[in-house]
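Given next, in structure tokens, is a single chain: the form predicted on its own.
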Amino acid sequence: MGRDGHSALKAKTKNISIVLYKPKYAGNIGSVARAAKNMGIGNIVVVGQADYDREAMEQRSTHLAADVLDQIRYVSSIDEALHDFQYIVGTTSRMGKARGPFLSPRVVADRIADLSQKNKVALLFGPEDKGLANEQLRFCHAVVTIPTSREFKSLNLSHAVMIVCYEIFTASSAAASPTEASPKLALSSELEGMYAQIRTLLADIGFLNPENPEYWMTDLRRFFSRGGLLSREVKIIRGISRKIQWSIKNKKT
């Protein structure tokens, strides 16, 4: 049973990846690899340079997590990192109004375990000194903040990774059948294409402020993320948008 009293699915950790956005220190990547290995997760994607000091990583990961280090995928942009994921969970300690709504790791863990049955899930963490900016959080379907003491809110990167992964690990149970899992969602790349098309349409009809177009787009992203769109639904929305754009163009001519 899950912690909410309902049957929980055992997370498919092969479908869960830790995505580190421009980490500053090689040692922290090694510590993250060790934490991931402890919780049964073997997939790490690093956005940024690919020449982190291997020895520094190995010192913090121990030899038992060397296989996780060997499998790290290095990419140059966050778009490339998240392209093939269907559910993305961002993490932050800064709780500005435009960044939420916020969930605790415990609340989101059952959802991740469920979605991991048929979807690729990314756990997105920002650089040690700044964390994730709004520009990165806009890709996320959910935003997690880890409760801490008011006196000292800063967490080491690997500690944050361990806490989130631990909650997913403990939320899992083999009691339920995989057939009860949520359906396969649209890819991040499909959603980003849809958002770009909606943004263009809303700009064409004068709904968006050209000086701050992301103001309303952030709310629209949250709206669509709330339920989770399927690929077919994304295609329907894009088809409607194309029809509206076509109608606008033909009225002008």
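Rigid core here is just the name for the largest C-alpha set that superposes within 1.5 Å across the two forms. Don't overthink the numbering: it's just position in the shown sequence, from 1. In this text the structure is predicted, and so the values were computed from the model without any measurement.
As for the form predicted in complex with another copy of the chain, it is not shown, yet the points below apply to it.
- Using a 4.5 angstroms limit between non-hydrogen atoms, residue 46 is distant from another copy of the chain in the predicted complex.
- Under a 4.5 angstroms non-hydrogen atom cutoff, another copy of the chain in the predicted complex has residue 232 among its neighbouring residues.
- In the predicted complex, another copy of the chain sits within 4.5 Å of a heavy atom belonging to residue 64.
- Under a 4.5 angstroms non-hydrogen atom cutoff, another copy of the chain in the predicted complex has residue 228 among its neighbouring residues.
- The candidate site formed by 133, 193 and 214 is entirely out of contact with another copy of the chain in the predicted complex, as no residue has a non-hydrogen atom within 4.5 angstroms of it.
- With the partner left out here, another copy of the chain still marks one of 147-155, 75-83, 134-142, 114-122 in the predicted complex; by a 4.5 Å heavy atom cut-off that stretch is 147-155.
- Contacts between 23-55 and another copy of the chain, taken as any heavy atom within 4.5 Å in the predicted complex, involve 31, 34, 35, 37, 38, 39, 40.
- Relative to the superposed core, residue 202 undergoes a C-alpha shift of no less than 2 Å between this form and the one not shown.
- Relative to the superposed core, residue 191 undergoes a Cα shift of 2 Å or more between this form and the one not shown.
- Core-aligned CA deviation for residue 222 between this form and the one not shown: 2 Å or greater.
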